[in-house]
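Presented below, as structure tokens, is a lone chain in the form predicted on its own.
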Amino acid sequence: MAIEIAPRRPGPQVTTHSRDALVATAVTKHFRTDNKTRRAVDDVSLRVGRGEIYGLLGANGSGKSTLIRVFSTLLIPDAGDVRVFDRDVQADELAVKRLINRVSVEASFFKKLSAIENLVYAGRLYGVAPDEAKRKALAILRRLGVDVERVNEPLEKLSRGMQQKVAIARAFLTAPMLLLLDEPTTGLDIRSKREVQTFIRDLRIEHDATIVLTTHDLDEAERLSDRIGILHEGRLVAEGTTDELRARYGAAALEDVFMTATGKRLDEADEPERAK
């Protein structure tokens, strides 16, 4: 069943003939903690074509979330530049914001309000009328496997997995041209994860959305992505389709590609972050 997504509101007209939705050039970002400077993103360059699902695969602490925040205008890079549909994310910040939306693992809500109240409020911020926002939100939530009888409960009473689905619905509600998904299925059970993955795939097919997906789930990266970039310690160490990566590294599985490109298995690379 095809889901109805709110039509895009009048905004910046994308008239460029470029086939790129996102272009990052030599992006670098530092953070200073405990009198030490850490390079979270180190000279990363990549391109994402229109209508593509691009997966950023990496362990916790590899720089995935920092890079997504730079793409979404939430962080300013220390060096390099980012363009979204030929618009500079710093010089044309407001125009870029009207073309994108973002889902993060730490999504914020008004926890005392219900799921549907949060979604209607979010829709109004993007110019979607309340009745329309409610209808669209309910359709998306059903598609994501949410029991609609619970959408009027305070969000704080919903499970972590259900809250994450509400966050995903909030981003899809505005039909962004570029959707930035930062670990969107973290905290979901297997069934919910598959529902979200199917919805992401269908959104691209049915609505010509461009999607950047960060994950440290090898199966998810392979299941959804047209191309994959592997981040390790802030650097983009490998990039290509799964077939190209396997051929390049002489690997039978994406896990072997990751280990060859980074020198670690993904679960090993995650360990320092877990220990903090």
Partner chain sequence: MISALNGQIGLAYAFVEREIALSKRYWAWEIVWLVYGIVTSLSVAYIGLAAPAISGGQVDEAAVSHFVLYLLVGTIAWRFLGIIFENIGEVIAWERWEGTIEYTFMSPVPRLTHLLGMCGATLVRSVTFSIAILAAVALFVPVDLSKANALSAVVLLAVGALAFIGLGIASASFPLMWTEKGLQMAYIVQAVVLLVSGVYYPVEVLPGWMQLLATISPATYVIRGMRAALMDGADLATLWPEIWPALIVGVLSIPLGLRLFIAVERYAKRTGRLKRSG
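Because the structure is a prediction, the values reported are computed rather than measured. Numbering follows the first chain given and starts at 1.
There is also a form predicted together with its partner chain; it is not shown, and the following applies to it.
Trainee: In the predicted complex, does each residue in the set 90, 111 and 121 place a non-hydrogen atom within 4.5 angstroms of its partner chain?
Mentor: Yes: 90, 111 and 121 each sit within 4.5 Å of its partner chain in the predicted complex.
Trainee: Going by heavy atoms within 4.5 Å, which of 186 to 194, 139 to 147, 199 to 207, 91 to 99 lines up against its partner chain in the predicted complex?
Mentor: Stretch 91 to 99 is the one.
Trainee: Counting non-hydrogen atoms within 4.5 angstroms of its partner chain in the predicted complex, say which of 133, 158, 103, 175 makes the cut.
Mentor: Flagged contact: 103.
Trainee: Should residue 249 be counted as a contact of its partner chain in the predicted complex, where contact means heavy atoms within 4.5 Å?
Mentor: Contact with its partner chain, no.
Trainee: Given that its partner chain is not shown alongside this chain, does residue 83 nevertheless sit within 4.5 Å of it in the predicted complex, heavy atom to heavy atom?
Mentor: The answer is no: residue 83 has no heavy atom within 4.5 Å of its partner chain.
Trainee: Spell out, yes or no, whether the shortest heavy atom distance between residue 72 and its partner chain in the predicted complex is within 4.5 Å.
Mentor: Judged by the heavy-atom cut-off of 4.5 Å, residue 72 is in contact with its partner chain in the predicted complex.
Trainee: According to a 4.5 angstroms non-hydrogen atom cut-off, is residue 216 in contact with its partner chain in the predicted complex?
Mentor: No, residue 216 stays farther than 4.5 Å from its partner chain in the predicted complex.
Trainee: Any residue of 159 to 185 with a heavy atom within 4.5 Å of its partner chain in the predicted complex counts; write them all down in order.
Mentor: Sequence-ordered list has one entry, 170.
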